[in-house]
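Let's start with one chain on its own, the form predicted on its own, as structure tokens.
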């Protein structure tokens, strides 16, 4: 009886060996565990983004009217029915393009100016961002598409005005009023027409698609010259 009881009791070294084997087995399981796969929500978001990207390419290549949902689905690599899980029609897809590609840029106008920055520096910084991120990019193609097809599809133009133009004008008006209050802008009537301040940006977008091959435009220097007319010529050091 004592021998039997003794054989069931492991010595400390034996217990350590068992624990070591268990630890190694646990480590092996952790290392060999498969990587987590995207969940359903992540896969749906990826498909939605693929559809939006495909829609952008089709709209730019064919125009809004000529673009078909079949072509968007084919480019996105999804079934046509999948599109309707995310968007009700072409118009809602185009609105998503505007919302994701253009609206965030306009939102920067509503941010407070950096400490110590002049109003001119604030406007010029925004203009440089717009020119670099819109004029020569796919965002610029979206703006040109709205200019070209907005009259035929007023609901799209209305959406663009609500989400982009009205917010951009409000932001510019606030900046102009700040410049007037600080004495940086002499003509107070400019606050009535903030379109004047941002006009060169729109000119650059249109010029790039129509006339750049004939007469390349330095949009950044054009904008700086425009600001000279409003704020006075730049001081050179």
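Note that the coordinates shown come from a computational prediction; the quantities given were computed from them, not determined experimentally. Residue numbers count along the first chain shown, from 1. Take the two forms, superpose them, and find the largest set of C-alpha atoms that agree within 1.5 Å; that set is the rigid core.
Omitted here: the form predicted in complex with a further copy of the same chain. The next part is about that form.
Within 4.5 Å of any heavy atom of a further copy of the same chain in the model of the complex lies no heavy atom of residue 88. Remark: residue 192 counts among the residues lining a further copy of the same chain in the model of the complex, judged by a heavy atom distance of 4.5 Å or less. At the 4.5 Å threshold, heavy atoms of residue 117 stay clear of a further copy of the same chain in the model of the complex, well away from it. Of the heavy atoms in residue 127, none are within 4.5 Å of a further copy of the same chain in the model of the complex. For the residues 180, 203, 170, 44, the 4.5 Å heavy atom test against a further copy of the same chain in the model of the complex is passed only by 203. Counting a residue when any of its non-hydrogen atoms is within 4.5 Å of a further copy of the same chain in the model of the complex, the hits in 120-150 run 144, 146, 147, 148, 150.
After superposition on the rigid core, the Cα atom of residue 64 is displaced by 2 Å or more between the shown form and the other one.
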